[in-house]
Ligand SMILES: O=C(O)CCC(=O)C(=O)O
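Quick setup: one chain, the form predicted alone, written in structure tokens, and binding and motion questions come after.
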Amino acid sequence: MAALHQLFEEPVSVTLAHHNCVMTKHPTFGTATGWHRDIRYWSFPRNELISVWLALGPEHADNGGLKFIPRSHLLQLQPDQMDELDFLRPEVPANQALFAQGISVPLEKGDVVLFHSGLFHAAGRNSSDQVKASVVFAYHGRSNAPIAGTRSAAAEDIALD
């Protein structure tokens, strides 16, 4: 947790209202996940949350492993670049250039990736014959508490001191 404390520059809490689960991608019925930002799920005053992704087995392009658009958490987008669910629209030319910057991040069992809630990420279909599984948790600085009355405030956070 020292790394999270350093990144947030303040005490850290884990949110229990979002993520904090085992994420699976099945070979027979798992679908691709389009380019999105996790902040679309959350209601916090500041877009300053970090997802911590732990691979429970190998993750790579063939089994639906994560892809990221580096530094995309710093982008200023036009409203027409996003669809109604806050995914990047594939038919928009500006988005095609962003997609071309996407990189696959192969992971082995036990590897951990930390990423900003505003970073665009995606995952392909699982074309292997094994279920891919990961654990993901979301963290925020203590001063960035969820907005009252929203789904993000539906469960108590856990302060990590």
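In this text, residue numbers run from 1 along the sequence as written. Since the model is a prediction, treat every value here as computed from it, not as a measurement.
Separately, the form predicted together with the ligand exists; it is not shown, and the next lines address it.
**Student:** Can you work out whether M23 and the ligand are in contact in the predicted bound form, taking contact to mean some heavy atom pair no more than 4.5 Å apart?
**Tutor:** Close contact exists here: in the predicted bound form, M23 approaches the ligand to within 4.5 Å, heavy atoms only.
**Student:** Does W53 reach the ligand in the predicted bound form if we count a contact as any heavy atom within 4.5 Å?
**Tutor:** Yes, W53 is a contact residue.
**Student:** Consider H19 of the chain shown here, and say whether it contacts the ligand in the predicted bound form, taking contact as heavy atoms within 4.5 Å.
**Tutor:** Yes, H19 is a contact residue.
**Student:** According to a 4.5 angstroms non-hydrogen atom cut-off, is T33 in contact with the ligand in the predicted bound form?
**Tutor:** T33: yes, in contact with the ligand in the predicted bound form.
**Student:** Honest question, do V14, H140 and E156 all end up within 4.5 Å of the ligand in the predicted bound form by heavy atom distance?
**Tutor:** No, none of the three is in contact.
**Student:** Under the 4.5 Å heavy atom criterion, name the residues of 111 to 140 that approach the ligand in the predicted bound form, in sequence order.
**Tutor:** Counting only heavy atoms within 4.5 Å of the ligand in the predicted bound form, the contacting residues of 111 to 140 are H121, A123.
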